[in-house]
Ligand code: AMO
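Take a look at this one chain, the form predicted alone, written out in C-alpha cells.
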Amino acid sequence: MERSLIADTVGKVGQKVRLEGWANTIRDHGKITFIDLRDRSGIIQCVGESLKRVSPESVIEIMGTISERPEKLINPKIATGSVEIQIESLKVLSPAAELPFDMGGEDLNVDLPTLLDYRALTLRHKKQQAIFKVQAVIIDAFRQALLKKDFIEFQAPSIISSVPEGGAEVFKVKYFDHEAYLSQSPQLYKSLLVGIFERVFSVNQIFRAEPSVTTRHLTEATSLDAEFGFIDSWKDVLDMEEYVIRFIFSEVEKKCSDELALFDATLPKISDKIPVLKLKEAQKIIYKRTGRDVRAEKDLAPEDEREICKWSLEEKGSDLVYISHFVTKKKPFYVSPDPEDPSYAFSVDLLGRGVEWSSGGQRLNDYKVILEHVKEWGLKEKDIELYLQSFKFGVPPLGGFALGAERVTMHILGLKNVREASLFPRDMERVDLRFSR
C-alpha cells in the first residue's frame, strides 16, 4: 500500500491507509492511546488499544482506517480535525531519544541559546517551521516580482580577491597560495552585469566580520539584491523596490495566513506611497519630537530609526519609510552624489518597524568619474579591475537595492532576535554550536 499524506485523509473516510510521520504528542490513557501524527502536510489524531510504547518525535508507520470523529470531539484548529485514524498496526521506523524539553505545546518555551543549541530538534516545532515557511515565501516572492519585470537571476561568487567597498570588516580566507576574502555584497558583480543583461537580481549569502552581538546583526545573512539600468533618477530605484515590497506582502498574506496567525502577526502598513525623507529632514523631525539633537550625525542610530518609524506610522500611516541623501564620503565609491549638493549622495535606506531593511540608490556609471572616486576613496584600480572593465566599455545609468531576508522575516513576524529568523545562525559566539560549550 502506498503512503498517504495526512492532509488527504479528510477525503478517505472508511478507507484503509498507510501513514508515516513523527509522533508529535502521545496521550496514554491505559487501554487507549492517542497519538498525534505529524508529516509535512499536517497532523492527525490516531487512536489505538494496547499499543507498544512510543517516545515523542519517533518516526512511525501507522496502518488503519480513517473514521469521522464524533461531532463533540471535532478539533476546528486543524485541517484534519473532523477525522481520525483507528490504528490497526504501528511500526517504529526510527526511535527518538528522551527529549531535553517539551515539544508538544503551542509555544516552545526555551531560551534563545537552547533554541539554537538543539536546532535539529527545535526546527520541528510548528512555530519554528512557520518562520521559515514565511521566509521561503518572501524569497520566492522577491524572485517572482522581479521576473515579472524582466530581470534575470544570477549567482555571485562568495570568494573575492579584494575589499573595495569598505564598511564592515571582512573574513580573510587562505586561497591556495593567495589571500582572498568572503564577500560582503554582490554589488560590484550585479553592477557589472547590468552592462550585459540590463536587469539582474541574486539571492546570495553575504558575510560581515563585525564584532557585534546584537538582536539585529548576523555574521552570515541572506541578501536579496536587485540592480537595473536605464534609470532616469534615483527615485526609479525606490519605485521598483516599493513594487517588490508590496508584492512580497501580498504573497505572504495570500500564502501564510496560518503562519501569521501563530505569531499573532500583522503585515506592515504601507500608505499610498512609502514616504521619503532626506537624512537632514529626518534628523530635524527627531529633534522636534524628542529634543535629542542628532542633526550633526552622519547616520541614524538605532534609536533614531525607531523614532522616525514612529513618526512615519503616526503621520503617514506607513510602517515603512525611506531615508535618502546620506553623506557621500560615508558611502562606497560607486554611489552617485547629488549634483545639487555633491556632499550628499543618492543613497537610500528603507526602514521598517524601527530597523533598516535595505540599502540602495543610484550608482555612478561615468567611467572617468568612477576612476576619480577610486582615487579619492584611496582604492587601487587593480583591486576592481573587472568591475572597471565593464564601465570602460559602457554601462547605462543604473541603481538598485538589497533587502535582508532575515530582517524582513523578523519584522513581519515580530520576532525579538534576528537569529530566530536564520535557520543556522552564525555570529561571534556560534557556528552551529556555541564555541564555549
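So that there is no doubt, residue numbering starts at 1 and follows the sequence shown. The model shown is predicted, which means the values in this text are computed figures rather than measured ones.
We do not show the form predicted in complex with ligand AMO, though everything after this point is about it.
Stretch-level contact check against ligand AMO in the predicted complex with heavy atoms at 4.5 Å: of 74-82, 184-192, 310-318, 89-97, the positive one is 184-192.
Not displayed here, ligand AMO is kept clear of Val200 by more than 4.5 Å at the level of heavy atoms in the predicted complex. Although the partner is absent here, Glu210 lies within 4.5 Å of ligand AMO in the predicted complex, judged by heavy atoms. In the predicted complex, ligand AMO sits within 4.5 Å of a heavy atom belonging to Ile206.
Looking at Phe333, you'd find every heavy atom of it more than 4.5 angstroms from ligand AMO in the predicted complex.
Contact with ligand AMO in the predicted complex, judged by any heavy atom within 4.5 Å, is made by just one of Cys256, Leu218, Leu364, Leu146: Leu218. Contact with ligand AMO in the predicted complex, defined as a heavy atom within 4.5 Å, holds for exactly one of Gln283, Ser358, Ser324, Gln135, namely Ser358. In the predicted complex, ligand AMO lies within 4.5 angstroms of at least one heavy atom of each of the following residues of 402-433: Ala402, Leu403, Gly404, Arg407, in sequence order.
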